[in-house]
Each structure stands twice: as C-alpha cells, then as structure tokens.
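Below, in structure tokens: the form predicted on its own, a single chain.
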Amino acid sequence: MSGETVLVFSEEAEAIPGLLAAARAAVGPGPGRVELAVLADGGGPAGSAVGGADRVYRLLLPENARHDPELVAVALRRAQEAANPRLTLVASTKRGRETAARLAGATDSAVSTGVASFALEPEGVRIRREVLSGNALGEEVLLGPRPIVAVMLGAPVPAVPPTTPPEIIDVPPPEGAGRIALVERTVKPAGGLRIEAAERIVSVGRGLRKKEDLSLIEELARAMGAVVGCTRPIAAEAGWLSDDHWIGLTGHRVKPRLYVAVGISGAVQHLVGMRESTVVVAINKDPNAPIFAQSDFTVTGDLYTVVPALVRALSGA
C-alpha cells in the first residue's frame, strides 16, 4: 500500500537487508517509507548496510544493555514513536521474538512471530505463519495500530548500497539499569558458519554415541564439500555443537541442494527445518525411522559402518 511507513529492526546485521527488501515490497512504489532502527555504539556508525532505508534510528544503548531485550524494546519504542509506522518488522530470531513481545506489551499492540509472509491491507496486516509445528500455515489479520511482526527469513539477501544517504537520528539510551548483566564475552571467530547458505549439509542426530565421534561426521562432510548440521539434542541438550549448526523448528531453516541425515529419527521439529532440501539422503539403523518417509534415498544401517564406507568411496580409497 502506498503512503505507509514500515519500521524495520534487527539486532543481527545480516538480517537487515532481507527485512528492508520485504518492507519495501510491502509499502510498494510511491510515497511509502521504510525506516530502520539499529543498535549502535555511542556516536559510532550504524554498522550495517542501510540500502533501501529512508531514515535510520541509531539506538545508543550501552554495551551491557544490548543483551537485555527489555531495554532494547524501550529504545525501539522511542524509534517507533518517532516513525509512527503502520507496521514494525523484526527478524523472527530468539532475541527478535523476545524484543517483539516486550514491545507489544509496552504499546498494547498486536504481535505475531514465526511469520512466513505479510501484506498491508486497509483493515489490518494480513499474515501467514506456521502452525501445528510447521505442518500448516495459518492466516490471520492483525488489527489495531502499530502491529509487530517477527518474520522468518530465508537465505541471506545481499546488502544494497544506499543510492542517497538516509537521514540519521540518534535515539538516547533509556534511563535506569536493566535486569540482565553482561558477565562474560566470548568472541565468535570471524567468518562464522551461515548454514542457511550451504548447498550441501551433513546433519547428525542422537544416533551418534559420543562427542568424540563427531570426527566421523566431519570427515564425511569434508569428503562431500559440505557443512555439518545437527538436531536440537546435539546442540541444545548435549552441547556437542553450537547453535550455528542447529537445524529445526526452533533452529535454522535450510534449503540445500543435498541434505544427508545421519542417525536422525525424523521428529517433526527437525523436519520443519530441512524439508525444503532438494535431495535428502537418510542413514539410520531403524528401518521404520520417520526420516525415511521424507527422503529421496535411504540407507538402513549403523552409521558407524555406513559413514566410514561412504568416506572411503568418496575418497577413492
């Protein structure tokens, strides 16, 4: 719809180009505006590509406050008041969902997370979002002023350099201290894993007996030119791999050309994250594993026998 304003926010710089593109498509050609709120160090640059944004609000939060979704929501509300948007759009990440919920509570606005698509309509914002653990899409209309939508993003969208520099407005930090304190910082290595962009993935589940056996999966991935993924128990419960590798309903959504599921039973929560793969190969010793029903090729056998044999075959040994 023309003449509308959409406010975009994400704590993850990689998500901003995709959100800006979705917002621009929603407002359409003409006088519609897309405005962007970003976290920034005091006086520092926005820190992300702002191509497509008509205005940028820099939320000048102190470093320890950036980890507190409540304080982030307070700062974002100030940007929202200045922008007066028809819709506030955030990424449906863990922190994005937390911030969206707090902002909605503070402004008495409608909110929806896990949104697959949205459209601005005269009566409200029409959304489609996953229901029933991702097995169906429900359609709803968010009514009232300034609804908040947390949208799921697909593959990363390349940043578009701005044709004209957007107007920059600094939003001062909220007064008072939050309830979350920064205790320790661990620097993530540069060039960290972006599993959504991988064309080949070898993913492992609870069929793996111990952490040391991850070397088997890593060796297969190297032989295939693939990256390593995993199910929720491997990342969230056992802690054998970081959340960067976690594929599923509450993890990452992937669409590789080839997905190899090793020792994965096929719970619906995992299938949601990989079901758009072009070709799926499943390796499981249980002939009745649900993953087989979702696979193009199946291997019934113990991964401790099958994986080394695959590595040998791929390496020509």
Partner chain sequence: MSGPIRLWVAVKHGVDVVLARADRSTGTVAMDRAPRKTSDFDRNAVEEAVRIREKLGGTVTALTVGPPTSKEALRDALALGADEAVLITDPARPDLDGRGVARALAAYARTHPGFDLWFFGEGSTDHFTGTIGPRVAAEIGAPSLSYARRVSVEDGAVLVEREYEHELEKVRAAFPAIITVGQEINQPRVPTFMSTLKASKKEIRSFGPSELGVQPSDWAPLARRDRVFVPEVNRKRQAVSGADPATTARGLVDALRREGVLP
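Positions refer to the first chain, counted from 1. Throughout, rigid core stands for the largest set of C-alpha atoms superposing within 1.5 Å between the two forms. What you are looking at is a predicted structure, and each value in this text was computed from that prediction instead of being measured.
Separately, the form predicted in complex with its partner chain exists; it is not shown, and the next lines address it.
Contact with its partner chain in the model of the complex, defined as a heavy atom within 4.5 Å, holds for exactly one of A119, L137, A197, I168, namely L137.
Its partner chain is not shown here, and in the model of the complex it never comes within 4.5 Å of any heavy atom of G52.
Within this chain, R86 is remote from the site of its partner chain in the model of the complex, having no heavy atom within 4.5 Å. Contact annotation for A40: none of its heavy atoms lies within 4.5 Å of its partner chain in the model of the complex. For R232, a non-hydrogen atom is located within 4.5 Å of its partner chain in the model of the complex, even though that partner is not displayed.
Contacts with its partner chain in the model of the complex, taken as any heavy atom within 4.5 Å, map within 76-99 to T93, K94, R95, R97, E98. With the core held fixed between this form and the one not shown, R97 has its Cα displaced by under 2 Å.
Once both forms are fitted on their rigid core, the CA atom of A198 lies 2 Å or more apart between this form and the one not shown. Once the cores line up, the CA of R232 ends up 2 angstroms or more apart between this form and the one not shown.
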